[in-house]
Structure formats: C-alpha cells, structure tokens
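Shown next as structure tokens: one chain only, the form predicted alone.
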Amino acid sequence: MCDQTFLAITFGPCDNCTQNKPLMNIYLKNEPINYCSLCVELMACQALAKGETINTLKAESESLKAKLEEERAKLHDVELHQVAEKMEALGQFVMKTRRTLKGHGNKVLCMDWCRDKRRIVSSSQDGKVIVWDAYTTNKEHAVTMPCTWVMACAYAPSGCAVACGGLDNKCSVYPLSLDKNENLSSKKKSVAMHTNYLSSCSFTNSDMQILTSSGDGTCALWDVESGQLLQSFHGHSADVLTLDLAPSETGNTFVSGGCDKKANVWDMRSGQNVQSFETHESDINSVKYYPSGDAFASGSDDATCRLFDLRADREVAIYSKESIIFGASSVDFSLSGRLLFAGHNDYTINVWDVLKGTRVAILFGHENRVSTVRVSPDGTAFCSGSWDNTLRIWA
C-alpha cells in the first residue's frame, strides 16, 4: 500500500569495502550485514560455478517456476464455485453500525479484539494507542507513542497487555491494569527491533512470544520477557505489510504478505518458507487464515481478494467485480468461514460468500478509506477502522 510504505535508506560504511555509500540490508546465515550494491554483486558473482552467470541462473529459476505451475495446474480439476453450486444461497443479509468509537485525532491504522469479546485496542496516525470498551464506547486506557503512524497493535491472549509499533521500528508491550489512571508509558517494554517500520504484530498462543513483520522485508519471532530474537524469517524481496498466525492451538505456521506481491507460509520452528503464492498483481495488504487453518484469504491493491488452499497448494477463488477498482486493505472471515469481509479504499466494506464467490452485501458508513476489519472472537459482530478517524462496530 503505497500510502503506508516508508523506505529508510541506510547510508554509512560498507561492511566489506568500508566506503561510505547507500547500503543494502541483507542476511547471511541469519546474520545481518550491510553491503553496498557493488559488493553485493561481487559476492553473488564469486559464488557462481564455472560457466554460470546471474542471467543463466535467473533463466533456470524461471523455468523451474514454470514447471511448478504446470504441476499445480494438473491438480486443478474443479473450481470452488462449481463444487458449491448445489449449496443453498445465503438468505437476506442485514448488518448495521451499532456503535461508533470516536477519540483518535487522525487516521485509524490498526485494531484488535480482546478475547473477552468486549474490549478493543486501536492505533492511529496521531501516535495514540487506545483501549476501548466496545459496549459502552468508553476509553479505558490511552498511550501516546514516541512516533506518529502507529501501524500495528495487538491484544495479548490473556487480555493483560497490548503490543504496538510503527515508524519507531520497534514493537513495544504495555501491561494493562485495572487502574485506568495509571501511567502505562512507565511500564513500557521494548521487545522487538527492526531496521525499518513495524507493519504488523501478533502474539502467539501465549503472552510470552510475539511475531512481527516489517518494512525491512523480514518477519521475526521474539521472546517478550527478554526481548531476545528467537527466529527470523527471510524470503520476501520487499516490505512485509501483514501477517496472520495459524488458528490451531498447536499452530506452528503463519502466513505473511507484502509489496513483492507474494504470500508466504512459514514454519515458525525452522524459519523455513514452506509455501509461496504469487498470483496477485500488486501489494498484498492483508492476509487471514480460514477458521479451519486449511486455507487463507488475501486482500490486495489490485482490487481483488483471493482464497488459497494450502492442501491443494494453489489459489482456488478470486473475489472481484469490474465495479471494484479500489484496493482491499483488510480481510477477515466470519466464525463459520462462509463470509469474507473486505475493507476497501473506496470507503466501503464488501461482504463475500466464500463458497459461491458472490458479493452478498456492501456496507456504507465510513467517510474515508477502511484500513482494518476484524471479526469479534464470538463472531457476533465485527469492527472496522478507517482514515475518517473512527472505528465502527457492525452487527
């Protein structure tokens, strides 16, 4: 998403030639090094076998990709909407705004539900992180961050802490207490440190570990208590904009999407990229696992949402219409998995029948682009955040 992408060019001494030049942050055996573009090219050429050139390796890589696509195509025997033809169509769909949360002074960029199904945390371009009571619309806590553009926030599974970060390149964790007048900033713990902006964060199934993604092209798993890096994930060739953890309690995989148009599935234990999907035509702004964990959806600046089946290892559905020309900034599934909610840059939220591939509703109300959409843990409502500075609860 170009409006939220910030490029930090590092300038300094190259680790190889020691000259002061613009540097590329690259990783060798999980160790970060800063090389200038000339040294990166020389290093790549030194590793070439006799008779090999970078162009021949590129050609070989492309032919292997083509063969892989051929093998995937052999398994492509039927479309999802054909399988769903005999299923009953969804009935009348009515959803309205039930609450409007006002308090941010600028664009709402991210939000997350607490597992108690009542509280919400939101972050904004105004540099504030607010914890809300979604029933009463009251603000329970507010934290002012040291930077604007707080692009990521997440509730801890216990409901006793929130994590957030953005242009400060850090992920900070704030413990929450019952005393609403307490100064949360004094209890701040800096957990993660990236070399570029933090785009997304998510606790694993405990309060003790947190996953982050960043504009430096990496994802990382951190220990909350010590701030130690437990695992780093390298495979994206541009900014990583979004991630989502597999829903099972023992889930050891997560999916990420970014500006390289790729959606990658990762093994958290090994750090390996186990599956990769490249069918979008622009940045992937949002990814979300299907409730069963066997598939995931993505939303992109190419104005489409797509469904990928992990067992079939391929894309199985595209949710698009000619009239939808603005990018999808955020996606989430209903609790049953039958509906897909997609927030768009044209101020609307599209609701799709996942199986039949048809749009069942368009929700109007926001006065600027919808930046985030999240279904509540019990599935009875969902919340949307927007660049109009508000959040809305729909049911």
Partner chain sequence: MTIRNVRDHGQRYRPRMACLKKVETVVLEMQDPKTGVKSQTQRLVITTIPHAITGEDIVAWIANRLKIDASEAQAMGTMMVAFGYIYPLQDHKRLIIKPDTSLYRFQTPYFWPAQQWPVEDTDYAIYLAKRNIRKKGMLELYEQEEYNNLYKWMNHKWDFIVMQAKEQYRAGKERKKPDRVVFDCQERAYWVVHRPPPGTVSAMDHGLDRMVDPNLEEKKTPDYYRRIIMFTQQCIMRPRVKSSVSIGALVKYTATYKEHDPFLNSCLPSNPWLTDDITYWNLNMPNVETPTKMRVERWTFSFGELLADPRGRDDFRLFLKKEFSGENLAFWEGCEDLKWGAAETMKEKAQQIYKTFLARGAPRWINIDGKTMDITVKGLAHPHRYVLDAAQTHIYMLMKKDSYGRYLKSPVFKETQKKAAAPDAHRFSETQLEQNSKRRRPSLSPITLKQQEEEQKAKLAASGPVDITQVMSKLEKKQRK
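Residue numbers count along the first chain shown, from 1. Here, rigid core means the biggest group of C-alpha atoms that superpose within 1.5 Å across both forms. The shown structure was predicted, so the numbers you read here are calculated from the model rather than taken from an experiment.
This protein has a second form, the form predicted in complex with the partner chain, left out of what is shown; the following refers to that one.
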Practice task
Flag residue 239 as yes or no: does it have a non-hydrogen atom within 4.5 angstroms of any non-hydrogen atom of the partner chain in the predicted complex?
Solution key: yes
Problem - the partner chain contact in the predicted complex: residue 151, any heavy atom under 4.5 Å - result: yes
Practice task
Consider residue 146 of the chain shown here, and say whether it contacts the partner chain in the predicted complex, taking contact as heavy atoms within 4.5 Å.
Solution key: no
Problem - Partner contact for residue 355 in the predicted complex: the partner chain, 4.5 angstroms, heavy atom - result: yes
Completion exercise
Heavy atom within 4.5 Å of the partner chain in the predicted complex, from candidates 190, 279, 252, 185, belongs to 252
Problem - Heavy atom contacts to the partner chain in the predicted complex at 4.5 Å, residues of 100-120 in sequence order - result: 107, 113, 114, 116, 117, 118, 119
Practice task
Taking the rigid core as the superposition reference, indicate whether the CA of residue 367 shifts 2 angstroms or more between this form and the one not shown.
Solution key: no
Practice task
Look at residue 335 and decide if its Cα position differs by 2 Å or more between this form and the one not shown after superposing on the rigid core.
Solution key: no
Practice task
Tell me, please, whether between this form and the one not shown the C-alpha of residue 354 is shifted by 2 Å or more, with the rigid core used for superposition.
Solution key: no
Problem - residue 233 and residue 36, C-alpha gap in the predicted complex relative to this structure (3 Å or more) - result: closer
Problem - Sense of CA distance change between residue 36 and residue 283 in the predicted complex, threshold 3 Å - result: farther
